[in-house]
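Next up: just one chain, as structure tokens, the form predicted alone.
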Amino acid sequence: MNYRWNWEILLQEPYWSWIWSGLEWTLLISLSSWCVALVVGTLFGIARTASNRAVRAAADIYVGLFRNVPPLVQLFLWYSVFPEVLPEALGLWVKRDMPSPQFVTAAVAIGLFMAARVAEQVRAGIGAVGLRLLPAALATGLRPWQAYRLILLPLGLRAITKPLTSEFLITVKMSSIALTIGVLELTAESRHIENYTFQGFEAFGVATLIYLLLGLGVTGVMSLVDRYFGGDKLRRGDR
């Protein structure tokens, strides 16, 4: 118990700058991954409720594959294996010449993993509040894609705002695995500070606090979104 606490060292340069830089990369990875997850997950979630068996089967394969392979393995596959199966020139561009290849790879890999989880939520939301309205929507003259765009998907997304909050939180925490391919996000910078100062408790203590604040911020924002779109009223059956 001879550890000497020194919180002030984190306020010194360059350590304070490292923390802020790590936070910026964490936010960029989290937001970029979440955008990928929302777009891809919504499309595959819709596909899982489609009447076409081939479309449903393809969506099921995607969800089963990406949900059951550990995200860290997927990250290494995208970063180390995927460029090797591309044509040589394109592979070199992906590995070396593409702007911020580590960041792009992390955002895509985490986003596609989370998309499989989001697809399940979207499928459940549409199935819970929307599918029973499909015959009525088609009877009014709407085409299937119009029924999804105007009725099923809006109602389904309103119903799953709370579950999507959990998925967003997981995405933020998942950003930390980007350090394994060289992205200096918050966890990586904390390790960096520990290696330079041997003040690991302080570095990771601050990182823990930042992650906690990020989580509380995500929860607060998603609660406002849920309230704005009336998700709580929809779940109570009051549309």
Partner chain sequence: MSSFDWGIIWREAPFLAHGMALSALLVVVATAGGLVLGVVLALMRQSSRSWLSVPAAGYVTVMRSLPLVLVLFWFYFLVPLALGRPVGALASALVAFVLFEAAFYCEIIRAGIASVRAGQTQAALATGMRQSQVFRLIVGPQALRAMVPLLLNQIIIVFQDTSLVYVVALRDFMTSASIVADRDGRPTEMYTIVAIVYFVICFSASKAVEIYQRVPAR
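Residue numbers count along the first chain shown, from 1. Model, not experiment: these values are computed from the prediction.
Just so you know, the form predicted in complex with its partner chain exists too; it's not on screen, but the next bit is about it.
Check your understanding: For this chain shown on its own, do 157, 162 and 168 all sit within 4.5 Å of its partner chain in the model of the complex, going by heavy atoms?
Key -> Looking in the model of the complex, the three residues 157, 162 and 168 all stay beyond 4.5 Å of its partner chain (heavy atoms).
Review point. Are any of the heavy atoms in residue 68 no more than 4.5 Å from a heavy atom of its partner chain in the model of the complex?
Key: Yes, residue 68 is a contact residue.
Check your understanding: Should residue 84 be classed as touching its partner chain in the model of the complex when contacts are defined as heavy atoms within 4.5 Å?
Key -> Residue-level check for residue 84: yes, a contact with its partner chain.
Review point. Does any heavy atom of residue 42 come within 4.5 Å of a heavy atom of its partner chain in the model of the complex?
Key: Output for residue 42 is no: heavy atoms all beyond 4.5 Å of its partner chain.
Review point. Hey, in the model of the complex, does residue 179 get a heavy atom within 4.5 angstroms of its partner chain?
Key: Contact check for residue 179: yes, within 4.5 Å of its partner chain in the model of the complex.
**Study point:** Residues from 201 to 222 in contact with its partner chain (non-hydrogen atom within 4.5 Å) in the model of the complex
**Key:** 201, 204, 205, 207, 208, 211, 212 sit within 4.5 Å of the partner.
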